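This document starts with one chain, in the form predicted on its own, laid out as structure tokens.
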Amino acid sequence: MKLSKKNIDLRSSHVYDAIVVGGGAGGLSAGIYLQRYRLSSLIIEKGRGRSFWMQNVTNYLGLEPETPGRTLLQNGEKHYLELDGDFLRGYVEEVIDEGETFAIRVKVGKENSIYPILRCKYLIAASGIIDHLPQLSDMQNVYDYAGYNLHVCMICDGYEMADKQCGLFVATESAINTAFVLNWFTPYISVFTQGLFTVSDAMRQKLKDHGYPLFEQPLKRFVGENHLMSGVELADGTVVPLETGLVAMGSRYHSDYLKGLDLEWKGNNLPTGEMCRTSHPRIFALGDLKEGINQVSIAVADGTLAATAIWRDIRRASPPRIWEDNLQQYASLS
């Protein structure tokens, strides 16, 4: 059932088997499997996550390469709701470990917001990350190309950049090292620091040795049409032709709601076991939040693993179901 301000009170006293924070590919996969395991689940989705901005899912088995990420999510949400899962658009602000349950405080609605408390036995953190993009005075100019031929994930989209003139947009010197992996796909790399930091002499020499031009001026705008970037214009009016681009400026992790819990962290990521279980036995982490590679296919598999682990825990702790009529019949014959 879709929940909202109007009907959230229907769940005020309900304790879910699991609440999934994040309705991306991993969260939806977890929710679908939880429902198929006949458990009670809720997905809380803040909206417009990383998968939403994927314009074409070109690396997922069985999907047409032109499938937009939002179509993948819409189909997943429909599937989940058909299995009688609960779905709420809201922002998780805090999770409190109450012992046997978690109390989850959610902000619902941008205006006249309400803050219901929802409870569950298990928590699945699938809230993901959002990539930092170049900050221009006209951000719509960035959004016009992000997710088309301006990419944010080399592992996902390196093939799309193969042997093309590629701009690498970075915010730190360490991120320039991405160029020396990206060159597996293309050697035609130009590096743009956007004037955000000073490049060391050693890095300048390394770029020169590889033949990679370095541009240190701020960006004025991306150039192109019909969502296909063809270059960038620098602050001094210089236009650098490009056929594609990779943004390697880091990401924001949507994990603040977990900070009050007793969890082991490794940087911004949560180390997990083989079934995506964190250091807390009833908290699972999927996709971009857990330590590992950021891929839609991996997040979907993570969701399956986490839901299966939760089902195993609950099943093993539950009394076996018996066929009472047959037991009575056998008793009468003995």
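Residue numbers here begin at 1 and follow the sequence given. These figures come from a predicted structure and were not determined experimentally.
Just so it is clear, the following notes concern the form predicted together with another copy of the chain, a form of the same protein that is not shown.
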| query | finding |
| --- | --- |
| Residue 103 within 4.5 Å of another copy of the chain in the model of the complex, heavy atoms | no |
| is_contact(residue 160, another copy of the chain) in the model of the complex, heavy atom dist at most 4.5 Å | yes |
| Residue 1: touches another copy of the chain in the model of the complex, heavy atom cutoff 4.5 angstroms | no |
| Any non-hydrogen atom of residue 286 within 4.5 angstroms of another copy of the chain in the model of the complex | no |
| Listed residue that, although another copy of the chain is not shown, lies within 4.5 Å of it in the model of the complex (heavy atoms), from 107, 78, 259, 132 | 78 |
| One stretch from 219 to 227, 249 to 257, 135 to 143, 152 to 160 that, in the model of the complex, holds residues within 4.5 Å of another copy of the chain by heavy atom | 152 to 160 |
| Check all three, 10, 174 and 270, heavy atom within 4.5 Å of another copy of the chain in the model of the complex | no |
| Those residues of 159 to 185 which, in the model of the complex, come within 4.5 Å of another copy of the chain by heavy atom | 159, 160, 162, 163, 165, 181, 183, 184, 185 |
